[in-house]
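Encoded as structure tokens, the following chain is the form predicted alone, with no partner shown.
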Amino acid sequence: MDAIKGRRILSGIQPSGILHIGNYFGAIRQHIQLQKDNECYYFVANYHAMTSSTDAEKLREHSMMVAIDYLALGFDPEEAVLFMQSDVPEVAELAWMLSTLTPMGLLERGHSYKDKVAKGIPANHGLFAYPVLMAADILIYDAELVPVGKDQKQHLEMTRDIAEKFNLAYGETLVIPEELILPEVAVVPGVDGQKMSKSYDNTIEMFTSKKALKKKVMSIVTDSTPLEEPKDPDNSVIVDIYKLFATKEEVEEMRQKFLAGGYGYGHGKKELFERIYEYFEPHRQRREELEQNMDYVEGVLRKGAEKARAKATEVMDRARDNVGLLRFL
């Protein structure tokens, strides 16, 4: 992480619901770490969220919640840029340009599209063309690096393919981004053992109430091994999540308790709950302060949008000229 300096980095997060610890350890924590030594652009992907929701009020609410969460977790508006995707409408124009060169076959091979349709999400054009808009999100800011998890590599590969086709057709216009797969990125298990995801309804939220957090942690699925018998810590969701919050020595201590017997899953869940609550407590207090100062939050987003749109305008002017669009305004 320390070796990554002086690069332009771009990432976005969908406002599809309340953020959870999987979002934090899988992306947000790394975003916060990268902001100090790099030129970072982070956006709330509210255009993308429209592919799976038509509730306007929830979209507005969740979009602001993401912004508040980022600020509460350590985003520094003096170091990086935070903005709403929809505050840069040029991204939709670039997406159209890119779509005229994007092969249907490329989109048909998209893993994410297939997975979401298999889960019952309606197969609309926005969902199908999602990779094109994502490519525009990246390319419109001349992003050099894009942090991705291993399961998101295909989307960035598609972005690179689309950008290369564009440059081949119209000359060197778009910066070809590189993937940034961080070793620190964690695939966080949900309470059912699958990858933590809002679509699986298995998440543990960062900023829920103490009572609700405890209830969620205590709902972690375990086997029926009796209290007094030894348990396998290497196949335990409790231990896997605990690793994110504890030192190696503390994790080993929990492992030994499970192996020794006389230590039940309920005991482990209680320790995990306390550790999660303590970890996010300072951020929870900061979040409460931000909720009482929405003028500040909106000011951060406004300034972020101005910076982002200035960069996007620069790239779009280059793209419009190279594709041959006449401009009289």
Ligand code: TRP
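The structure presented is a predicted model; accordingly, all values stated were derived computationally and were not measured. So that there is no doubt, residue numbering starts at 1 and follows the sequence shown.
Here the subject shifts to the form predicted together with tryptophan (TRP), a form of this protein not shown in this document.
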Inset, instruction - Let me know the one among Ile204, Met134, Leu174, Ile162 whose heavy atoms come within 4.5 Å of tryptophan (TRP) in the model of the complex, would you? - result: Met134
Legend entry - Option touching tryptophan (TRP), based on a heavy atom within 4.5 Å in the model of the complex, out of Arg275, His48, Arg29, Arg287: His48
Inset, instruction - Check whether Gln152 has any heavy atom within 4.5 Å of a heavy atom of tryptophan (TRP) in the model of the complex, and answer yes or no. - result: yes
Legend entry - Heavy atom of Leu10 within 4.5 Å of tryptophan (TRP) in the model of the complex: yes
Inset, instruction - Indicate whether Ile138 is a 4.5 Å heavy atom neighbour of tryptophan (TRP) in the model of the complex. - result: yes
Inset, instruction - Decide whether Phe128 counts as a contact residue for tryptophan (TRP) in the model of the complex under a heavy atom distance cut-off of 4.5 Å. - result: no
Inset, instruction - Quick one: find which of 279 to 287, 299 to 307, 55 to 63, 38 to 46 has residues within 4.5 Å of tryptophan (TRP) in the model of the complex by heavy atom distance. - result: 38 to 46
